[in-house]
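Listed next as structure tokens is one chain, alone, in the form predicted alone.
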């Protein structure tokens, strides 16, 4: 398999810079997901690795060898597109075998390789069918099989589940993860879907406006966002954010009369920020109670989203709406008075000038 190194890569389309000094190492056998908004540069980065886009400057190395000037066909990398891109006049067997015909593999070896990958992907029963007779999930399995049949050094996937419905996406996520574990291949996967990123990745690479924002394990980018963009982008519902002021040990949200008491160790590194602070807390760190307790302030519920396993409850505090994750049915309706406090251990403070997390996120 392959280790992939991206070193100081810049990419321009005319005057528009799409990748800005990108540096990233993808380890041998790792599953890396590139996550970001549309136009953030993730697909361009993937295509640059594959050789489908040239880079303006910088280096791309595969197992220590520079490949940025090599053609895509000379990089021994397979690419799976969002669209299935199957040949409609060919059977599944012929579609999967196509790359092996291109390198003139003999018929017996070709047939063995096709059967092996079809069995791995659980589509052996479809080998003699045409793509039009298959479901969307099976067509994507065929596309993945065609990419894997020649055992490339790395598998690159650009939103391969984007055209599938929700149930098929869930099934195929599990299949892709199972396949990765079984083959130990180096995999790079592009998506804007956070569920896919969280469930598939060994590490998530977050790109925004061509700039690498954070690289880390799924729980790391969720629990320890390096900056305000990552904090607001990762997670559903999104992180609660509010400008705050600190008076002693009281943290007051924008427009709120009452504050929340935080311990000294939480505030020691942030209380003297010159540009001001933005507080960020996940919904699970917004704690609601039916009765007043120490550290709780009164609020009124403004909206409830029942989601089966849990509810998302909105409460108004001053000029800020806080979203809380609660047990299902914890609050009966809008307009109900409850009490709220914030968990200081799960609070993040971001410098308003730089957007950086001031509590030392990785």
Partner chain sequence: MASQVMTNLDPKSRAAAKGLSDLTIRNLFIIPTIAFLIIFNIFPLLYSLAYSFTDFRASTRAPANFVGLQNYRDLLSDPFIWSNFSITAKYVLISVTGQVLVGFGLAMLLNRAIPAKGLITTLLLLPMMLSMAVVGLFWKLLYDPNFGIINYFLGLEKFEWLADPDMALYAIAIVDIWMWAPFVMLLSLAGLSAVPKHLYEAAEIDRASGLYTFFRITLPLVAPILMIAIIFRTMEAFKTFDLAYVLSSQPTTELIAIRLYKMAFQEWQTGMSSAFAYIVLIMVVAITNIYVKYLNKVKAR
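The term rigid core refers to the maximal set of C-alpha atoms that superpose within 1.5 Å between the two forms. Positions refer to the first chain, counted from 1. All values derive from a computational prediction rather than experimental measurement.
From this point on, the text means the form predicted in complex with its partner chain, which you will not see here.
J.: Using heavy atoms only and a 4.5 Å cut-off, decide whether all three of 78, 81 and 146 touch its partner chain in the model of the complex.
T.: Every residue of the candidate spot has a heavy atom within 4.5 Å of its partner chain in the model of the complex.
J.: Taking its partner chain as it sits in the model of the complex, is residue 331 in contact with it (heavy atom to heavy atom, 4.5 Å or less)?
T.: It does not: once its partner chain is placed as it appears in the model of the complex, residue 331 has no heavy atom within 4.5 Å of it.
J.: Within a 4.5 Å heavy atom cut-off, is residue 216 in contact with its partner chain in the model of the complex?
T.: Flag for residue 216 set to no.
J.: At 4.5 Å between heavy atoms, is residue 130 in contact with its partner chain in the model of the complex?
T.: Output for residue 130 is yes: heavy atoms within 4.5 Å of its partner chain.
J.: For residue 249, is any heavy atom within 4.5 Å of its partner chain in the model of the complex, or not?
T.: Although its partner chain is absent here, residue 249 would stay clear of it in the model of the complex, with no heavy atoms inside 4.5 Å.
J.: Choose one stretch from 98-106, 115-123, 168-176, 196-204: the one whose residues place a heavy atom within 4.5 angstroms of its partner chain in the model of the complex.
T.: Going through the listed ranges, the match is 98-106.
J.: Just to confirm, with a 4.5 Å cut-off on non-hydrogen atoms, which of 192, 208, 232, 150 contacts its partner chain in the model of the complex?
T.: After the contact test, the surviving option is 150.
J.: Heavy atom within 4.5 Å of its partner chain in the model of the complex: which of 238, 90, 289, 181 fits that? Just give me the one.
T.: If I apply the 4.5 Å criterion carefully, the residue I get is 90.
J.: Superposing on the rigid core, is the Cα displacement of residue 129 between the shown form and the other one 2 Å or more?
T.: After core superposition, the displacement of the residue 129 C-alpha between the shown form and the other one reaches the 2 Å mark, so yes.
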